[in-house]
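There is one chain below, alone, in structure tokens, taken in the form predicted on its own.
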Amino acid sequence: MLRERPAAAAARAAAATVSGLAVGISEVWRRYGPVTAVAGVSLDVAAGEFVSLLGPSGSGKTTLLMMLAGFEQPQSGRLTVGERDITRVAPNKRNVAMVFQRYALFPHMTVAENIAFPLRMRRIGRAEREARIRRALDMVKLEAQAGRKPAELSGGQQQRVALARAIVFEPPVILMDEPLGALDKKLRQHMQIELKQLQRRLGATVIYVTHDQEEALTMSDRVAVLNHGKLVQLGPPRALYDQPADAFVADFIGEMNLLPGTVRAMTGELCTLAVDGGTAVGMAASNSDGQLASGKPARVAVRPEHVELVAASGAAQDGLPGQLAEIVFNGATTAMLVELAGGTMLRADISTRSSLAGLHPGSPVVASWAAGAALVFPGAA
């Protein structure tokens, strides 16, 4: 068998590289009768960036993606790809690729024929078409399945075919609508890594819709959190996790304890609250704007991994007293569910090797955390 020379392989890889283009969304609105699906969203995506649109059902993320694809029209606002205004451009003229959740493969076509479809629509010549199909198959590692039909493939392989079909015409922008939603957890996690690696090799701009927080945090350069059609927060995954803009983002991104209480005192940015039979501390959220004052309702947000538990000694102890209600083994960590004095539930994630893992439901404990590990948001639950 002839082996490809390194220089030839490098040239082939360079030929498959896509230059991403910036995407602009400016004051876009979309209503359906009395329902506002997208409410004045503005978002700039850099060339080659991977941005996820994250939010619950009905938050407007899929509607926004459909408008970028051209399948929906904004009632006002502007959409751009590079320097080009695509707001009123037909879907097939936008030079963007779309990957759907259900793959939308043609069942009567082979893998190679499915991948060739967008090239045929663009009247790409046979020699160039076959070269591009080979490159796409190589990228998604499906060379051996080129002659099979979709029904003969696994779910992960079908997803790769859909990706290959999307990248084969070398689009600068790829739109993905929950493409991993139909896969089982282990395969989904594997495909998340593959997708990100593929995007980096291509250099394409990716806008990815998901309601899975873990997926968005794992894959994205930045995450745009939407709620009720509005852009609530935009930033790198770490910033959203550590510094959520409001209680909604705090609760939606990852696991979070949100405990209602009453402000006792403010010392600079440090807030002390009365919470469910005890005292809690946290840093005032950046958008609290002076709304945190003694006697006012507030919520303290703290991640389970930041909660520290100690066995109650009977003497007065700082923190929140309660008793263990449930212990859940999760492998490397154990989730301790604590029922506080007033009935509020608090979760603490501890190492399975911790001595606390030997406690039993009903054991009295006291929960606390470092002041900088929690945020305090104004307002009642």
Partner chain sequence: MSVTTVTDLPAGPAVPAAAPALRGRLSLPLSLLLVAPLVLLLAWAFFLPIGRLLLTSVTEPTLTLTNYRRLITQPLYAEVILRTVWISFACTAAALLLGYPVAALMARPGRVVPKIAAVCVMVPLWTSVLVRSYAWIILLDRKGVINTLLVQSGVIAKPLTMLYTDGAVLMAMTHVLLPFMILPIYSSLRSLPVDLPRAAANLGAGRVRVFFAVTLPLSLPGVFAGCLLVFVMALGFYVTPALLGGPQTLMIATLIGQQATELLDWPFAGAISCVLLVLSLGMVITFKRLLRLDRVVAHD
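Positions refer to the first chain, counted from 1. This structure is a prediction, so every number in the text was calculated from the model and none was measured.
What follows is about the form predicted in complex with the partner chain, which we do not show.
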*Which of these stretches, 250 to 258, 302 to 310, 224 to 232, 88 to 96, has heavy atoms within 4.5 Å of the partner chain in the predicted bound form?*
88 to 96
*How about residue 153: is it within 4.5 Å of the partner chain in the predicted bound form, going by heavy atoms?*
yes
_Taking the partner chain as it sits in the predicted bound form, is residue 108 in contact with it (heavy atom to heavy atom, 4.5 Å or less)?_
yes
*Distance check, residue 66 to the partner chain in the predicted bound form, heavy atom within 4.5 Å*: yes
*Report whether the minimum heavy atom distance between residue 121 and the partner chain in the predicted bound form is within 4.5 Å.*
yes
*Within 4.5 Å of the partner chain in the predicted bound form, do 29, 73 and 84 each have at least one heavy atom?*
no
_Can you work out which of 145, 158, 272, 288 has a heavy atom no more than 4.5 Å from the partner chain in the predicted bound form?_
158
_Under a 4.5 angstroms heavy atom criterion, identify the one residue in 134, 200, 102, 296 near the partner chain in the predicted bound form._
102
*Those residues of 258 to 291 which, in the predicted bound form, come within 4.5 Å of the partner chain by heavy atom*: none
